[in-house]
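Just one chain is shown here, as structure tokens, and it is the form predicted on its own.
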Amino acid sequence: MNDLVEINFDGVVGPTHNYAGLSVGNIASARHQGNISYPRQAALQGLAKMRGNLARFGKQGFFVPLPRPNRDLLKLLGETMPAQDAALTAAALSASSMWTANAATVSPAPDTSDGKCHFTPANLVTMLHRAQEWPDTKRQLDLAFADPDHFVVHDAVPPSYGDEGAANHMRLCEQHGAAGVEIFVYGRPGAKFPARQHEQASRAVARLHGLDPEACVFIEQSPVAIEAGAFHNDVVAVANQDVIFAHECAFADRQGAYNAMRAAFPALQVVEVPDSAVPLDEAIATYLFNAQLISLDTGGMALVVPEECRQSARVWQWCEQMLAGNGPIREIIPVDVKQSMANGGGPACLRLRVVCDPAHVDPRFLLSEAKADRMEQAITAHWPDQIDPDDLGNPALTEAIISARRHLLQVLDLEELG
């Protein structure tokens, strides 16, 4: 499987990007609730990140915003647009699908019993504004990965079990195209904030994907981390090939977690940040671990972090000390995703990692510089400059949002997703 490479598929930030504060347990979302958002700026920031990764790493994919407003959701709840309840209007207009780390869980072909790459869209049932996403997410997955000889796209896990996708999933391997070990991280309910990833959802995904039970590790996320605002595991840990980069407080049983990973994958390298160096609350505020950990052609790895990491004296000092050593992470690349960060999503939230042969992916979902230029022109011309949450449901804004998405689909030849 030498043709397999890792492609990051980023979500294009939609024209409804706003700060309605719908995500319980997401401290950044709650802190910025009611603020004016800047959808055009947000989408251009995300596109700039995609362009940078395309230039550095050679491959980059994307998914388009889901159709909004979702009038079918309101109809199911006996409402129209705008709804009497402002929170329902905001939910129907949510741009949260931009965080494609929650779009699905992905198991590459070398890990699965049938030798195909498997996708299970996340049901996201904990939050109404996210629970509406998976059918339209599946439509894009079905289109982008339509080759039945290489891909399988499942339905979401039934809603009794909460599944939040790749944000709670990591993979260890010697090379992306080699068989690996898949790590599923779940939370336990009963605390102040909801544990969004249920253990039984993770186990169901592993079975659906035909994974070898000996190559699966199930680990409990630290309830301390969840309480501090790490609503997904990718806020406190990220893995790439044989490396895991994690905060000391990421897992409920820290040593037990590492022992379980090493038992399944003996070559594991752990890069752990102690709480004494970067306290958990600062790690979450800067999203140090919500980073893209990516292999370099020259050897070693690069960590794509939000600009907020460079602005934190403690975090940046630790990063510089790490680079001065002989560890596997050799480069740190800050990026500006401030609009996404204000809603609780860093560089890792914005991407879904897919190991596959790009020749079998629908090319409409693969980025090129020319395509990025067309996307930038559509966003600049049609995305709203700003949105006040009080204006959600305004008929003129609604029509502008629908028109903006339509223009993007046209320049990408994806009108069938309209």
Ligand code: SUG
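Model, not experiment: these values are computed from the prediction. Note that residue numbering follows the sequence shown and begins at 1.
Heads up, the form predicted in complex with N~2~-(3-carboxypropanoyl)-L-arginine (SUG) isn't pictured, but that's what we're talking about next.
Of the residues 101, 226, 106, 237, just one reaches N~2~-(3-carboxypropanoyl)-L-arginine (SUG) in the model of the complex with a heavy atom at 4.5 Å or closer; this is 101. Checked against N~2~-(3-carboxypropanoyl)-L-arginine (SUG) in the model of the complex, the residues 70, 29, 45, 60 give one hit for a heavy atom within 4.5 Å, which is 29.
Although the partner is absent here, residue 170 lies well away from N~2~-(3-carboxypropanoyl)-L-arginine (SUG) in the model of the complex, with no heavy atom inside 4.5 Å. When contacts are judged by a 4.5 Å heavy atom cut-off, residue 349 counts as touching N~2~-(3-carboxypropanoyl)-L-arginine (SUG) in the model of the complex.
Among residues of the shown chain, residue 22 is one whose heavy atoms approach N~2~-(3-carboxypropanoyl)-L-arginine (SUG) to within 4.5 Å in the model of the complex.
At least one heavy atom of residue 344 is located within 4.5 Å of N~2~-(3-carboxypropanoyl)-L-arginine (SUG) in the model of the complex. Contact with N~2~-(3-carboxypropanoyl)-L-arginine (SUG) in the model of the complex holds for all three of 18, 96 and 130, each having a heavy atom within 4.5 Å. Here the chain stands by itself, but in the model of the complex one stretch of 177-185, 303-311, 229-237, 75-83, 229-237, has heavy atoms within 4.5 Å of N~2~-(3-carboxypropanoyl)-L-arginine (SUG). Along 271-291, a non-hydrogen atom within 4.5 Å of N~2~-(3-carboxypropanoyl)-L-arginine (SUG) in the model of the complex is carried only by 290.
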